[in-house]
Structures are given as structure tokens and as C-alpha cells.
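One chain follows as C-alpha cells, the form predicted on its own.
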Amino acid sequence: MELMSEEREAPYFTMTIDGKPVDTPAYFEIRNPSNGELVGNAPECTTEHFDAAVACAGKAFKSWSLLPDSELEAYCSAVSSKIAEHAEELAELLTKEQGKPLNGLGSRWEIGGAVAWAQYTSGLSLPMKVLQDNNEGRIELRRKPIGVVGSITPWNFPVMIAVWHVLPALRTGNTVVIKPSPHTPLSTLRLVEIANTVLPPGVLNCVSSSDTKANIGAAMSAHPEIGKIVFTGSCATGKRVMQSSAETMKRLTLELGGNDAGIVLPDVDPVAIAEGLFWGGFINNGQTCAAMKRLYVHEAVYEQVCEALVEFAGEIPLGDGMDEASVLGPVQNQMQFDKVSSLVEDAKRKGRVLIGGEPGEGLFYPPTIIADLSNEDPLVHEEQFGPALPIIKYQDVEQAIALANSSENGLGGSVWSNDIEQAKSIASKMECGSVWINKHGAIQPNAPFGGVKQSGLGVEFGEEGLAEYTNIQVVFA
């Protein structure tokens, strides 16, 4: 097949191992989900490349782990500054491979969040604690780095989640081998390349794989020289990571799928909450673990909430991510597009389509809201991870709480009410790691984030998240 000139000129990216760019014998194409154009060619990691990356990280750990806390902080701060310097370059690359718009809650917002998280994490520390100091002796609790950390990141927020994984690992004296999603490897490859301009060789390594020639993710979770895996992705893959890590008793942080519920109480102003409800469900086109994926609305305000949501949704521009006017972009990949389409088609036979419901061209799918569904419908009890929101009517609050808690997931949830104390009371009964009141999904770097039930293991962010990258050593003197 004759390639168009712009495809012949698409760049070939390199992996970073031991601080050096590494080419591979084979590459795989990364295409723009907005228009199908070739964005770049990602290196196909071999088992030999991966083993070399782990070995280099292990070698670098010996000196990196001994650095004083102040030097680790300085290095991490330098990395955050470098990301900020390349913010627009990374945002444009991210939009081209992921599809999300540059503007709004898109690529520029993601890179800005990555910088903010990197800066905040750089300033954290876990000082030694004195547990006892008396005539019976002194007991100190120290936190020590684990070793080589293996990071596996998803395609929905490839840069920001890479920062969530990498910065706390480096800040606590660990070294890292990161493997980005085969759908969106380019921005992570470039991010690591940028970080290596200020880091010692081997401290941060990046490999990429299409997962068709060699299963690098499986090799990472089984590798005997990797002491911890941090993984963000689906529940099914997270379970496989946990299983393959068991043989070597790796430390794990798993941020897995969510099927977050929102509960709307009868005292709300439907118009006032419509914008918050919409972005709670449709941030990043619904391709967010902690997006609101089920909405339970009291019968007294049910129709009014539906109407207000539809009116707001109808004003959101959908288009090519590189168009400055776009606010939402395409679904990132064909597999996810097909899943959303299938769930919506099923829901259309059972519920009332308020807006959307028909696929657009290519991978574009309009914001879709379907009312009058029940908890038994697949669009409600399965995580759709896309631009479709089911609305379920309820009669009393205890019924809504029971419906919200019926999921095997427990990442986040929200309560919408003018009575904050009542909302807090309901929040305490919800089985999830985070609960927001009159908003949904607003995470920040100083607040721990993680799921319960099958939504994960461990937490990220803040001191609690930082501690996940350490082993405790207690010294009796």
C-alpha cells in the first residue's frame, strides 16, 4: 500500500533504557482516533530489551536509594520543571494519539495536572518516626525504598497517570521501568525522554509494546527483580497482575475499574446541578475510572433533572481534538467504541433515549443519556467507560443507597443535595473509596485516592500514597 507523504514522515520514537535512546527491530503504528492519520511509530520491545531495562534500573537503585532526602526532592522538582517547559509539546502529542481536545478538560488540562502533581509530590517526605524513647530503649520507624518499581499505565490519561506512578516512586528512592498502553505510548515515551535530561542514567526507563509479539506487562508482573507493581486499568487485568505477582510477593498498588454512582436527592435545583452532573459523567468522554457511570434520581425531581442534563449536553461541541473549538473528542479506540455502542444499543430497547444514542463517523460517539433503566440493565451494572450515562428513578433514599452499593466495584460515588449534613450521612453509607458532595471525580494530590471491593488495592496521592512505595523497617536501640 502506498503511504501518504505525511505518513512516510511520521516520526519513529525510541525507548529509554539506562538514560539512552534505544531503537528496536520492529515498530507499531499509532494513529489519531479523530481522523485515522499516522501520528508516529512506537518501538516494539523485546524480552531482551525489557530484561536490560530492569537490570539497569536495579543497578541505578544501588546509588539512587542512598541519596539524601533533599537530593531526591531536588531531582523530582527538576523533573516537574522540565515537564512544565514542554507542556504544549506534550499536550499536542497527547491529543493526537489519545483524541482528547486540547482545550477544556483535555490535554492542556491533563499536562497542567501532571505538573501540579509532580510539584506537590516533590515536596512530600516520610521522615523517621520515634515510637519510643525512654529508659527501656529507643524505637525508630524508618521507611526504605522497595527497589525497582514496574509501572503499567492506561490509555485514558497517559501522561498524568505516568506522573502519578513515577514521581512518588522516585521521591522515595526507588527506580522505575514504565510500560505505557499500546494505544497511547508516544506521550509517555517523550515524557520519560524529557525527564532523563535531569535524572541519572537508569533511574527512569521506558519500554513500549503492542502486546502482540511479547507480553511485556505479564513479564513485568512476574519478573523476580521487580519489587513493586503499580497498575492502573481494568479489574480483569488487575486480577491477572495480582496473580502473576504472587510468586515473588511483590508489593502492589492497583487502581482498577469503577462503576461510580451518583445519588440526587429531592431538594436539589436541577438546573444548578446540571453542569456538575454532566462533567461528573462525561469528563474525558466518560473514559475515566472515577467518572459517574450511574445516576440515581429521586422521583420528585427526576424529569426536571433529565431535562436540565439534556439541555446542557446539547451545547457541548464534539470534534477533532486539534480543533481549538472542540470540547469533547472521539472514543480512543475501536474496542472501546464497540463496547459503548453495544451497551447503548441494548439500553435503547429498554429505556428512553434523551439525547445521542447513534454512532457518528469514525470513532466519534455523541454524549448519550438514557432514562428509565434499572440496575439489571447492562449499561447500568457494567462499566461502560465511554460517553453514555444511564439514569435510574428511585423513591426513597435507602433504596438508592442499596442500588448504588449493589456493584462489585467501589471506586467513587457522589451525593447531590442542598442539605450538606444529610449528604454526609448518606456518603458514610456508600461502599466506595471516595465520595463527593455536589460534584464528582474531583481528585487532588493531597487527598488519598483508591478503591474498595474490586476497584483496587492500596491508595495513591498524599503521604499515604507515598508510603505505598516503601517498606517499613523498625530499629530497636
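Residues carry their position along the shown sequence, with the first being 1. The structure displayed is predicted, hence computed values, not measured ones.
Only in words, not in the display: the form predicted together with nicotinamide-adenine-dinucleotide, which the text now covers.
Shown here without its partner, the chain carries P101, W279 and G321, none of which come within 4.5 Å of nicotinamide-adenine-dinucleotide in the predicted bound form through any heavy atom. P154 is the sole member of G227, P154, G356, G173 with a non-hydrogen atom within 4.5 Å of nicotinamide-adenine-dinucleotide in the predicted bound form. None of G329, G262, G150, G258 but one reaches within 4.5 angstroms of nicotinamide-adenine-dinucleotide in the predicted bound form through a heavy atom, and that residue is G258. In the predicted bound form, at least one heavy atom of F385 sits within 4.5 Å of a heavy atom of nicotinamide-adenine-dinucleotide.
Among heavy atoms of P270, none comes within 4.5 Å of nicotinamide-adenine-dinucleotide in the predicted bound form. Within this chain, W64 is remote from the site of nicotinamide-adenine-dinucleotide in the predicted bound form, having no heavy atom within 4.5 Å. nicotinamide-adenine-dinucleotide is not drawn, but in the predicted bound form it has no heavy atom within 4.5 Å of Q119. Across the options 81 to 89, 232 to 240, 365 to 373, 303 to 311, residues that bring heavy atoms within 4.5 Å of nicotinamide-adenine-dinucleotide in the predicted bound form belong to 232 to 240. Counting a residue when any of its non-hydrogen atoms is within 4.5 Å of nicotinamide-adenine-dinucleotide in the predicted bound form, the hits in 185 to 223 run D211, N215, G217, A218, S221.
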